[in-house]
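Encoded as C-alpha cells, the following chain is the form predicted on its own, with no partner shown.
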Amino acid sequence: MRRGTAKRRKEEVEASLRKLGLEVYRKLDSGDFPEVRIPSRSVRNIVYDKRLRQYVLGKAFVRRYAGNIKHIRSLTQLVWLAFFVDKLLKDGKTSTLRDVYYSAQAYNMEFKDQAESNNIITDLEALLTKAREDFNIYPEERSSIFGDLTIEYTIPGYEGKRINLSSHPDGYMIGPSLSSAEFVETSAEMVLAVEKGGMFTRFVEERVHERFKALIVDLAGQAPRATRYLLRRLNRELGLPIYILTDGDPWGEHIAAVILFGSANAAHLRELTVPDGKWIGVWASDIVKYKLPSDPLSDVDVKRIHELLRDPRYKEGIWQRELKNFLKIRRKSELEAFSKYGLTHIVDRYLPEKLELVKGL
C-alpha cells in the first residue's frame, strides 16, 4: 500500500508557500507592488468538466494588486494567512477555522468577522489548488469511520503509532490525525458511507463490517470535506469501491452526488471526489418497491428537485431517473423507515439486494 501521502502533501504545500513568498519579496526588492492572480470563484467561472466528472473553475482570474488601495486589505490578509499556514506546518500544529479568525488578532491582522476570514482561506486554497485540510486548518469534526483498517499516525508525538479502526464500537472521528494517517492493512473490500449516525450505529451493531467486509463511514449529513478526502483516499489508495446510502429524498441524492462529482463551492479543488462511487439509495423507486412509510414532498423539496434537474451532474442515468420518480410519486422516506419490517431488515434484505443490483450496473 502506498505510503508517505501526508508527508508528500505537506511538502507540496510548503513548496507552494515558498514560491508565493519569494514572488512577494522579489517584487518588493525590485521596487514593484506585489500582486497575486487568484482563480475566480464566481458562479460564472464554475463549469462542469465531463472528463473529470466534477465541477472545476474556468480560466477567469481576479487580481489582488498592492498598487490599488482597494486591494491592499485582502492582499495583506492573504499574505498573512500564508505565513500563518507555513507556521502551522512547521510547528506541526492544527487550527480550526475559528482559531484562524482569533489568531489574526495576535498579529494585529484585522478581519471584520469569521466569514471574511473563511473567505481568505478559500482564496488561498484556490491560489495553491490545495484544500484547507492540507494547511492543517479544519472545521469541527463530526463524522466517523469503523471497520478493519489499521492506520499509522503521522502527526507529531504519535508518529508510528498504529490502531485498528474496529477497536472502538463508536467508531473514530475523522479529524486531522485520522485523515492524514497512512493506511497499513485492511481486510475490507468496500466502503459503506451512510448519511446518518443512527444507521451507522445500527451497522456496527449488526457487524456489517464483517458480514460485508466493509468499512462503515458516518457522513453526518452533508459530508465534511475531510470525510470526502478520506473516501477518495480509500478508493484511490486501497482500491475500495464506495457505496453511499442516504435518505430517500432529493437532499439525500444530492449528498451522494457531491461525494461522487464535487460541489460548486469546492470547484477550485480536485481531490475531493470519487466519480466511480455508487449511490445505492434510498431511491424513489425503492419507496414503492419496498412499500416504505413515507411523507409527502414539501414545496421546498419539489423546488430542489427542479433545481437538480437543471444541474449537469444529474443529466443521465439513475440521477435523472430517480429525480423524476420523486416528482412522480410525490413522496419521500427516511433510512429508518425500513424498521417497519424489523430493526435488521435494512441489513438482512435491502443492503444485499441493492449491492447486488448496483454492482451489475
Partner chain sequence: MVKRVKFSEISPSEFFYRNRDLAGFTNPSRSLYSAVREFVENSLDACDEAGILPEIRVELSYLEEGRYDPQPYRLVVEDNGMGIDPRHLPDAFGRVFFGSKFVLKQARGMFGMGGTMAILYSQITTNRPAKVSSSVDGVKRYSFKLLIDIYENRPIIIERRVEPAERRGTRIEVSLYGDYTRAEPKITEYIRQTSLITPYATLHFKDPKGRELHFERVTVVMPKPPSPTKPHPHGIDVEALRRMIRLSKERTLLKFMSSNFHRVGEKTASAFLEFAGFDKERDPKTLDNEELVRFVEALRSYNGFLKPDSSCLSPVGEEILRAGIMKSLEPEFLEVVSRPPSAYSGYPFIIEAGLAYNCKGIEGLKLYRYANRVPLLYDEYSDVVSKVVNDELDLRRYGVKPNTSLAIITHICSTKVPYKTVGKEFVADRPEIERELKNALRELLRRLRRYLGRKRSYEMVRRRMNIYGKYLPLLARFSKELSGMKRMPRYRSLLKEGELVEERHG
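Note that this is a predicted model, so its numbers are computed, not measured. Residue numbers count along the first chain shown, from 1.
Note that the form predicted together with its partner chain isn't included here; everything after this is about it.
Novice: Which of these residues, A60, L28, L327, L52, gets a heavy atom within 4.5 Å of its partner chain in the predicted bound form?
Specialist: Going through each option in turn, the one that passes is L28.
Novice: Which residue, L178, M109, I121, I155, is the contact with its partner chain in the predicted bound form, using a 4.5 Å heavy atom cutoff?
Specialist: Comparing distances to its partner chain in the predicted bound form, the residue within 4.5 Å is M109.
Novice: I'd like to check something about A337: if you look in the predicted bound form, is any of its heavy atoms closer than or equal to 4.5 Å to a heavy atom of its partner chain?
Specialist: Looking in the predicted bound form, residue contacts with its partner chain do not include A337, since no heavy atom lies within 4.5 Å.
Novice: Taking the shortest heavy atom distance, is D32 within 4.5 Å of its partner chain in the predicted bound form?
Specialist: Although its partner chain is absent here, D32 would touch it in the predicted bound form, with heavy atoms inside 4.5 Å.
Novice: Please check if S298 has a heavy atom lying within 4.5 Å of any heavy atom of its partner chain in the predicted bound form.
Specialist: Answer no; every heavy atom of S298 is more than 4.5 Å from its partner chain in the predicted bound form.
Novice: Going by a heavy atom distance of 4.5 Å, is G21 a contact of its partner chain in the predicted bound form?
Specialist: So G21 counts as contacting its partner chain.
Novice: Going by heavy atoms within 4.5 Å, which of 181-189, 155-163, 109-117, 255-263 lines up against its partner chain in the predicted bound form?
Specialist: Stretch 109-117 is the one.
Novice: Any chance T76, F83 and D86 all have a heavy atom within 4.5 Å of its partner chain in the predicted bound form?
Specialist: Yes: each residue has a heavy atom within 4.5 Å of the partner.
Novice: Using a 4.5 Å cut-off on any heavy atom, which residues of 51-69 would contact its partner chain in the predicted bound form?
Specialist: Residues within 4.5 Å: A66, G67, N68, I69.
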